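A lone chain, given as structure tokens: the form predicted on its own.
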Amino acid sequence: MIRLIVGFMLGLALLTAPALASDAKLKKATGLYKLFCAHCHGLNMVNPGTSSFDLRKWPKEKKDEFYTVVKKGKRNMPAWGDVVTPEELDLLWFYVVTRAGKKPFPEAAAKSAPAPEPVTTMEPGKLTACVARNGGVMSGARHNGGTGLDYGVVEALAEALNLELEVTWFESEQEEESDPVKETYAMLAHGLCDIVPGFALYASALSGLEGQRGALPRWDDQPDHLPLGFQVDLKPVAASAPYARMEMGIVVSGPDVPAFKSLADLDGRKVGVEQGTLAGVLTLRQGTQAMVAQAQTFNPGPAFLWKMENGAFDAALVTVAAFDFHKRQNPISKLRLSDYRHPLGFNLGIALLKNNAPLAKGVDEALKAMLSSGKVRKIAEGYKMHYAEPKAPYVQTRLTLKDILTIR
């Protein structure tokens, strides 16, 4: 008789259940919950937990305890073992553990999603990053932590991978003799770190160096016994998905910023050229004949824009990051960055040893999530930087003279 009454009431409850025709199981479970549980535990499991337990807080790993309490009762909870069938009990558990169908069923999720491969680092539980202490707006060491986009990205990356971040600070030299790509290979091969951010994604930087030898840059806590010019055997290196793009823009002196369309629009201005840089080569190759003839050439580095500040020239093509760093050093600067961006640029990724596939996969997945959520942009804006998202192709092919002459 009790079964007949329960069946009749269940039929009525199902008529008022949420319209989830595509999920018959949830519809059936919803009706059972309304019939047996909603009176005490609240519709849709909304219950402050003052007079009865708030089922939204039931741990999903305590399935057996849930079954026992429903069948045998507990405190004010009556026993339903002689009323609820095993099938109905399964449906009630399905309703509770999925939070009324709003979360995935844990058993189904466990079957469909393979366990993630553990990330492998030099020291378990710790992600070590080699970061330039003098990387301008991209990175810099502080008494406690660091600053810049590269530092902010590896900090967020360690958090996403649930690892403790440890930074090895090194000196980045702006000299003709220095080779940033080889130094990255050398630091990874020597075991100074797991990852190196700010790696320019050029195809030529990702092959052809393994088997060669490379010098290490100076780094914090460098052993005294290493001789000057010490080199290491380089190992194959891979790069992550990109997290930002390095672009070049035109900087002018004064309050008026024209709408430039090409480098030829600099004709008639005192133009400065940063020697030995891509921006400098493009200026000399893509400017008008008269502009190039009057251009002045200076050594590369932070002092370049300071010379512009002091009136040595009034326009130049530079990396946007160089302008941002100058602006940070001189907040009242009279220099202005135009909206013009040269089509040539390159994406930035994270370098790591090629044989560490688990770490590469973890880094890629975390970076893609950070990009899609806007987290990388927020990090850049927090450091008052002009941020540019990566552009396809993500790995730039080798630049040719034809590219330099024609891409404008």
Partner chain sequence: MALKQISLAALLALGVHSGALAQSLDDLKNDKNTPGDILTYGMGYDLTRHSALKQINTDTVKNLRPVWTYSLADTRGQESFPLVHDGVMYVTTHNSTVALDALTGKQIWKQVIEYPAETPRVACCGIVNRGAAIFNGKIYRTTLDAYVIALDAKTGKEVWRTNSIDFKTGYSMTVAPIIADGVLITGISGGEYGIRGYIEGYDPENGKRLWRTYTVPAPGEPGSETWKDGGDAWKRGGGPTWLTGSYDPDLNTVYWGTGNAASWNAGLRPGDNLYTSSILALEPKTGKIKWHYQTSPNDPFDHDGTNELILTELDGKKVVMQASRNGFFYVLDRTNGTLIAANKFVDNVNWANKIDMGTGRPDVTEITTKARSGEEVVYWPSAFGGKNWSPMAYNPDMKIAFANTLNIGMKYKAVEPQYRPGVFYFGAEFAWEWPKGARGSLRAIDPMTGKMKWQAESDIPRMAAVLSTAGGLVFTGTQTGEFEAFNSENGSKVWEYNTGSGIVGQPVTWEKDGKQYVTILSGSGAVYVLFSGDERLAKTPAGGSVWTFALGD
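For the two forms, the rigid core is made up of the largest set of C-alpha atoms that agree within 1.5 Å on superposition. What you are looking at is a predicted structure, and each value in this text was computed from that prediction instead of being measured. Numbering follows the first chain given and starts at 1.
Absent from the display: the form predicted together with its partner chain. The rest refers to it.
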Heavy atom to heavy atom, is G125 within 4.5 Å of its partner chain in the predicted bound form?
-> no
Is L344 a contact residue for its partner chain in the predicted bound form, using a 4.5 Å heavy atom cut-off?
-> no
Would R213 show up as a contact with its partner chain in the predicted bound form if we use heavy atoms at 4.5 Å?
-> yes
Taking heavy atoms and a 4.5 Å cut-off, does K63 contact its partner chain in the predicted bound form?
-> no
So, K28, F325 and N330: all three within 4.5 Å of its partner chain in the predicted bound form by heavy atoms, or not?
-> no
As a check of understanding, the residue in K368, H39, K378, K361 with any heavy atom within 4.5 Å of its partner chain in the predicted bound form should be identified as H39
Listed residue (K261, H225, K102, H143) with a non-hydrogen atom within 4.5 angstroms of its partner chain in the predicted bound form | H225
Among 180-188, 143-151, 156-164, 81-89, which stretch has residues whose heavy atoms lie within 4.5 Å of its partner chain in the predicted bound form?
-> 81-89
Would the C-alpha of C40 be classed as shifted by 2 Å or more between the shown form and the other one after rigid-core alignment?
-> yes
Does R56 show a Cα shift reaching 2 Å between the shown form and the other one after rigid-core superposition?
-> yes
Is_shifted A79 between the shown form and the other one (CA, 2 Å cut-off, rigid core) | yes
